[in-house]
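Shown here is one chain on its own, the form predicted on its own, set out as structure tokens.
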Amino acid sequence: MVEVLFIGLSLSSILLLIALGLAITYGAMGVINMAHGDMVMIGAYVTVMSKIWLGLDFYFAIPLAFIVTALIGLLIERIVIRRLYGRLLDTLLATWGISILLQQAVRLELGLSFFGLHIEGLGPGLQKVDVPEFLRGTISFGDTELNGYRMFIILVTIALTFVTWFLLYRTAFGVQVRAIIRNPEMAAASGIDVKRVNSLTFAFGSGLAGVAGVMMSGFKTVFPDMGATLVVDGFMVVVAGGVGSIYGTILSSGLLGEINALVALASNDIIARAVVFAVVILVIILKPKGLFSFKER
């Protein structure tokens, strides 16, 4: 049972990395970013490409993936999303289109496949990432053997969650983000550069998704469509926890991850996913603003 709960905790960690970015961008900007899952995919491909082309170790792929996906997120916000604020359906459709373009760019090797050119590491095939040998073994806690790589995922998630919490609750930038989440018009009237804060927030959220991609690449094959369902999982965590609430996102990711692991142990992965959906629907019915949403005044 301890092993199952541990697996659920590692799954929760992946969900949390994906959902943290969605929680602050959706809360602050009111944008449903359907391309967020593809930031996870790009982070996984950065891991593949950094090994092939740069010879970098797995550990160095983490900051590199954060930087690459953060820059891509910044471009998406500056070029597309900035022009669509307040138009929820338009941003949903636009980011869905961006998602398709990103997937096809990887599948077609940035368009070079049309000219008979091949970029090793890209394309429609499956890619595999080898984690460092140090992380392949198990760690003993009494009579319990825990997977080293899953422990690494949990530790990385704890560190990035702390960084996110510190950024939001212990810096001037975080005060501005939380002000925009509460009331963007009042924040702008108070002198906050809403556009600048939104750009940086979107970039940071994309960077977190990129790191989640690095973590996923260690135990799952990498392919162009891998992020398609992850954005749905991320939004389920955000909606269940409460939009804009980092504490709600943390707790709901843990709850949904453990439910998925326990039900999968008792039945199978398909039923586990159905149960998670049912729990989220129940939360929406009973508490439409989420389990840990902000109190309004």
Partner chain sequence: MLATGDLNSYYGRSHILQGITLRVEKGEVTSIIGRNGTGKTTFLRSIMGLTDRTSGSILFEEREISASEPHERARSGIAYVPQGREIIPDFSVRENILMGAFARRDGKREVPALVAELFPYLVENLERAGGLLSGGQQQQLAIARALAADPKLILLDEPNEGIQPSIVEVIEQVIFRLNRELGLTVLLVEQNVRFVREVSHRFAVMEKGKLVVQGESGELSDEIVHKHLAV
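Residue numbers count along the first chain shown, from 1. Bear in mind the structure is a predicted one, so any value in this text is a computation, not a measurement.
This protein has a second form, the form predicted together with the partner chain, left out of what is shown; the following refers to that one.
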**Asked** Though only this chain appears here, would G191 touch the partner chain in the model of the complex if you measure heavy atom gaps against 4.5 Å?
**Response** yes
**Message:** Residue-level question: is V156 within 4.5 Å of the partner chain in the model of the complex, judged on heavy atoms?
**Reply:** no
**Prompt:** Contact between T161 and the partner chain in the model of the complex at 4.5 Å, heavy atoms?
**Reply:** no
**Message:** Whether A179 contacts the partner chain in the model of the complex should be assessed with a 4.5 Å heavy atom distance threshold; does it?
**Reply:** yes
**Message:** Just to confirm, with a 4.5 Å cut-off on non-hydrogen atoms, which of L71, L110, V175, L146 contacts the partner chain in the model of the complex?
**Reply:** V175
**A187, M226, A203, V129 - the one with a heavy atom within 4.5 Å of the partner chain in the model of the complex** = A187
**Prompt:** Where does the partner chain sit in the model of the complex: which of 215 to 223, 71 to 79, 133 to 141, 179 to 187, heavy atoms within 4.5 Å?
**Reply:** 179 to 187
